[in-house]
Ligand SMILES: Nc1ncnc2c1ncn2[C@@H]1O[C@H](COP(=O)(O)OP(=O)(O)OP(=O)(O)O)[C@@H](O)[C@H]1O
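Taking the form predicted alone, here's one chain by itself in structure tokens.
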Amino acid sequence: MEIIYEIKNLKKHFPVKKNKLFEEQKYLKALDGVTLEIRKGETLGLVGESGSGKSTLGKCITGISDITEGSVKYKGADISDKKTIKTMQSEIQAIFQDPYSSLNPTLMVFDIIAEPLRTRFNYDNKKIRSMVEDLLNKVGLSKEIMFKKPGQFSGGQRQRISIARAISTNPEFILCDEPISALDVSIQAQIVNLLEDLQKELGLTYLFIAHDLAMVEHISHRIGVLYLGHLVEIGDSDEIYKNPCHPYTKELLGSVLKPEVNKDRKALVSTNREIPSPIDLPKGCVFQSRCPYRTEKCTLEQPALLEVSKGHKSACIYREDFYKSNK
């Protein structure tokens, strides 16, 4: 499959204001050496707890935030290049977490969706109105709502308006930054199904960011797991669920899956240990302070992200043992 994004050793460090607790300059390492690819037409799910670096990665690869180190290529061209930036501006859109704050409350729905159309295309008002009606129809909304304001709609309806705006310019890639986490559970599945239908119809590529694995399994072709700025596991969706090969992934699965799902396997990990500070991470494996499988080897160096089966990689020195135990 064609590669849309090629991300190598991506780092994003934020300087921490000096104080009496430490004299030398410290950095919060939001991302610390992430390497992955996003393929054309796929949905890559990115999961992890709050503070794992998911949204930061989304901002870095779309040019919203500068990177500290590493490289990000969009369609083979570095995103720091001016020509690439111009291409990205016309081919990339985003759907954000909170539909209540991502839409301008003073504008009517028509203007919210029409604005990117006016910016990119030289169409007359009649053509733009026809396109807005078509976009609303695509996301399951009636054209009668065009001249109402966002405050008159529910969260699910507002997110549909956000999606209509996102697909208005015929993008190739959409950053979905926790697009369902602020919605009622009954509405979440509807939005996920809508995104899947639009992907098939328009050939879209998604980076779908979420804080757990529950809904991500349904929409994602592949899943990447982030922990404190490190990519600790990545693989096909089914493979991640059936054969998790990192203790952190097993912990996430244990928090969302019903017990009967894992009746033929060992009990999933459950830890209550304290998460280390992203400013002073421990030497060795970044997950060691919470891992019940920790050995002395885990304290020596951060394990590399290596393949355990075709397309399935894990950053754990015991990845092979986990893989065998899941079979």
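Numbering starts at 1 and runs along the sequence shown. Every value quoted in this text rests on a predicted model; they were computed, and no experiment measured them.
Below, we refer to the form predicted together with this ligand, which is not included among the displayed structures.
- Partner contact region in the predicted bound form: 46-54, out of 32-40, 46-54, 296-304, 282-290, criterion any non-hydrogen atom within 4.5 Å of this ligand.
- Using a 4.5 Å heavy atom cutoff, none of K138, G155 and D184 lies near this ligand in the predicted bound form.
- This chain appears without its partner; in the predicted bound form, the one residue of H211, R129, K149, K75 with a heavy atom within 4.5 Å of this ligand is H211.
- Of the listed positions (E251, E115, E178, E217), a single one reaches within 4.5 angstroms of this ligand by any non-hydrogen atom in the predicted bound form, namely E178.
- Although the partner is absent here, P278 is a contact residue: one of its heavy atoms lies within 4.5 angstroms of this ligand in the predicted bound form.
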